[in-house]
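Take a look at this one chain, the form predicted alone, written out in structure tokens.
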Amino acid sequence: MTDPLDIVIVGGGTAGWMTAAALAATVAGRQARVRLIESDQIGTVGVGEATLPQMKDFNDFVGIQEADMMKATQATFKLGIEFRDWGFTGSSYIHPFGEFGQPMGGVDFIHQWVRARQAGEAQDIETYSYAIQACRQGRFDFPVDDKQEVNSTYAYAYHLDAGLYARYLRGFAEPKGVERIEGRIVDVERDDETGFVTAVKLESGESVGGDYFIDCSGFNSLLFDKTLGVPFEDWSDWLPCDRAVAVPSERVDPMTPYTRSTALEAGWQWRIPLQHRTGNGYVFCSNYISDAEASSRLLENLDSPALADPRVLRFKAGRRACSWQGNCIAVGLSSGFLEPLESTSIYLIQVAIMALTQLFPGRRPDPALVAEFNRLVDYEYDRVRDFLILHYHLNSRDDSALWRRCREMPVPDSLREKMEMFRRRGFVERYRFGLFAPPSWISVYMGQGLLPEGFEPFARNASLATVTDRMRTLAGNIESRVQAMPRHADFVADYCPADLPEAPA
């Protein structure tokens, strides 16, 4: 029997403890010794409070009990994201975690909707989304398993306290064999011949060696930037926002089952409802507004009193040229950063972790496994990049220089082609794996003013009268089912109530 691999996770936070939890559930013990190094003296970013439905898959994979996790992290449910003022001032649309309508006549619903709209027989596209209607009415319930039912056509994610989630994962991973080492890393030792990292040296003088090192050191990128010098691909020409100012505020009722994103003059503002507070932030481009002005603007826009002073974070959009080099793997911010517009940060952590568990290495890295890992991670970054650029580029605002610049900027060919295919005949590529199924693209296209001019010719296989009748029935079913759902706040209070501080007398 071979000795277990020695895996060292450099850094804690969400990325570090998600990695530790996944390894604890899969290889810790017989196959691997897993140690995580972090320092209480070093803070984490800790503002990533909104997630995507894939996070539930991760929690299920490692064996986390949902209600228990939600209580511990003050979490609420999330059915989508509302975008205000993005396409134009005064606009509002929701990117839902669910389908628009149901296929009819052998084609996707969007084609029948375009056909009915051109005949003056269709309501707003949001009318046919169960998830959107639940968001608009502030309701939540779990989707049913019966795929014939309209309330099976959506998924859900979470709003949670990222710092509490990391703490929860630590409590999950340590009993399963993950060893935490407290300390600040001051040096990295490498093999002269291979360039592989052999050990990290702590401020205490202790040296921690390993077979593999997972860089979860955040923007600091201790291994991939400072040690290995892996180049960074700068995407700020397409995604110009380079800073965020964040501040928590008091809980706001009603507690919405969606994240809110509001476009502002120099970027956009988020609002995320948790059980004990509301998360707020202003993501902005420093070319158009100062840190002090952005902080002031954010505080002016809060829906409830602030609970702390605003905190400024600096970043650059892009990713490393690779996320696995030698015996080092980058997970999270050390690998790259794409702003939190579509809540993809934790998802990209999850992508790297799941790829690692599926391509788990032997004693020495297999070049084929390394290449496949990098391909999978790069593919997800590229797809997310295009989707985020779409939000900025597709706008008709004329109230600030940022929005004019984004509207006029050249975009990647991959995105330009997607937009043109949708404009011509409502075509959206359906991915087998990964993020952003057609409803995601449709919601942004149409919510920001890009409507299809044509539709799939096979849509005419069903008569228009049949299609419009089924659409009316569908809208009625959605409305009646949503009305029967519990209020979101009531569902949370019953399913996963957190211990909240008592209000002052």
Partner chain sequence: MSAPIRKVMVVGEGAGAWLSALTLQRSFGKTGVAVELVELPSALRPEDGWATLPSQQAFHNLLGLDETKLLRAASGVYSLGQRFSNWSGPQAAFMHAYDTHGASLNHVSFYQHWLRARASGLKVPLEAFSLGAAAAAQGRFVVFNESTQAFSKATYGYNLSALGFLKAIARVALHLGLKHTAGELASVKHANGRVESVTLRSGETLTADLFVDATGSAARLVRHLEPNDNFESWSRWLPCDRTIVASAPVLDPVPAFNQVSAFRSGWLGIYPLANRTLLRARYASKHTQAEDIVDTVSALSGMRVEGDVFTDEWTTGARRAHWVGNCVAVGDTAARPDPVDATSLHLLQSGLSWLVAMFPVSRTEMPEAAVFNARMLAQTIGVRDFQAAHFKLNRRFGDPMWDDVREQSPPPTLARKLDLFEARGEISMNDDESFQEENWTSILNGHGLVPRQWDPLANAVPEQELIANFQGMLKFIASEVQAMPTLQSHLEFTTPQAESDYIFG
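Residue numbers count along the first chain shown, from 1. Every value quoted in this text rests on a predicted model; they were computed, and no experiment measured them.
Note that the form predicted together with the partner chain isn't included here; everything after this is about it.
Only one of 143, 361, 412, 163 lies close to the partner chain in the predicted bound form, with a heavy atom inside 4.5 Å, and it is 361. Taking a 4.5 Å heavy atom cutoff to the partner chain in the predicted bound form, the contact residue among 437, 464, 27, 450 is 27. Judged by heavy atoms within 4.5 Å of the partner chain in the predicted bound form, the contact stretch among the candidates 166 to 174, 302 to 310, 255 to 263, 351 to 359 is 351 to 359. Using a 4.5 Å cutoff between non-hydrogen atoms, residue 372 counts as a contact of the partner chain in the predicted bound form.
Proximity of residue 456 to the partner chain in the predicted bound form falls within the 4.5 Å heavy atom cutoff. In the predicted bound form, the partner chain lies farther than 4.5 Å from every heavy atom of residue 401. Contact between residue 158 and the partner chain in the predicted bound form is not found at the 4.5 Å heavy atom cutoff. Taking the partner from elsewhere, every residue among 31, 421 and 429 has a non-hydrogen atom within 4.5 angstroms of the partner chain in the predicted bound form.
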